[in-house]
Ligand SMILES: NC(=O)c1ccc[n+]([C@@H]2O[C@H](COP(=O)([O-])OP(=O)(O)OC[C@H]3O[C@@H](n4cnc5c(N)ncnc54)[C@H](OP(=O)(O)O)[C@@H]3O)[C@@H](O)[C@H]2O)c1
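Below you'll find only one chain, the form predicted on its own, shown as structure tokens.
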């Protein structure tokens, strides 16, 4: 698989990342299927796996996806050279809701729990899941700096951040990666200059929800621009969209996902799918409605 730079001081990783969220939230598959999905993408050359402590059903289920990753890696017989597992802290799931908690004390506790769930002594890439409006951003980033000093985490990443927040964090730590939303439906990472800023500073950009997420990805197979393009290229519309996401910058690594081996493996084919300038322009100019 083609590789791309994860960020300053980190190794190059497979050009497509697999995220574990669908394997642990509502309508998740059984554990055996989840492990089979992870084994399949690892065998296909994926070297970066993305998870979070809150990829679960609710507060009683915290760490489900991290534990699933740990079980999958324990039973995988492949080469772990350059394999990176990224997780996140900074959110909570009270009664199944999604809430911020960027307090340093919470981040410290969350990191310790993630270490146990993943069964490791040090987390490869630990990301602040999202800024907490009720906590000074510098305090949350400072907590990650302290965890790195304690050698509980190797690299620091940010998620759901602006250019200004990236710069505020860079004054305190080395930011290896930024994980923000990017798809043809949601292009704010392009429009606000986050991708370009990351590229300028050698920071990897991990694109989450690259095919829209949830109900939106179901619109892709019948999209009037994507459907004929996918047929001509001999690829799925989802793979074509992932290729468009990758084309937004040499530092962009899409976080694909799947609840089945078939859908997850389809995402890994994008690394060899090349869109022409006309293809890219057609998608750039196409409408992608988020209306139901």
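Every value quoted in this text rests on a predicted model; they were computed, and no experiment measured them. Numbering follows the first chain given and starts at 1.
This protein has a second form, the form predicted in complex with this ligand, left out of what is shown; the following refers to that one.
Q: This ligand isn't shown here, but in the model of the complex which of 257, 41, 253, 68 has a heavy atom within 4.5 Å of it?
A: The residue from 257, 41, 253, 68 that makes the contact is 257.
Q: State the residue from 217, 148, 165, 108 whose non-hydrogen atoms include one within 4.5 Å of this ligand in the model of the complex.
A: Only one option qualifies, and that one is 217.
Q: With this ligand left out here, work out from 223-231, 243-251, 257-265, 56-64 which stretch has heavy atoms within 4.5 Å of it in the model of the complex.
A: Heavy-atom contact with the partner occurs in 257-265.
Q: Hey, with this ligand in the model of the complex, do 88, 159 and 210 all fall inside the 4.5 Å heavy atom range?
A: The answer is yes: all three residues contact the partner (heavy atom, 4.5 Å cut-off).
Q: In the model of the complex, does residue 179 come within 4.5 Å of this ligand, counting heavy atoms only?
A: Yes, residue 179 lies within 4.5 Å of this ligand in the model of the complex.
Q: Can residue 14 be called a contact residue for this ligand in the model of the complex at 4.5 Å between heavy atoms?
A: No, residue 14 is distant from the partner.
Q: With the partner left out of view, is residue 21 within 4.5 angstroms of this ligand in the model of the complex by any non-hydrogen atom?
A: Residue-level check for residue 21: yes, a contact with this ligand.
Q: Taking heavy atoms and a 4.5 Å limit, what residues of 224-249 are near this ligand in the model of the complex?
A: Stretch hits, in order: 236, 238.
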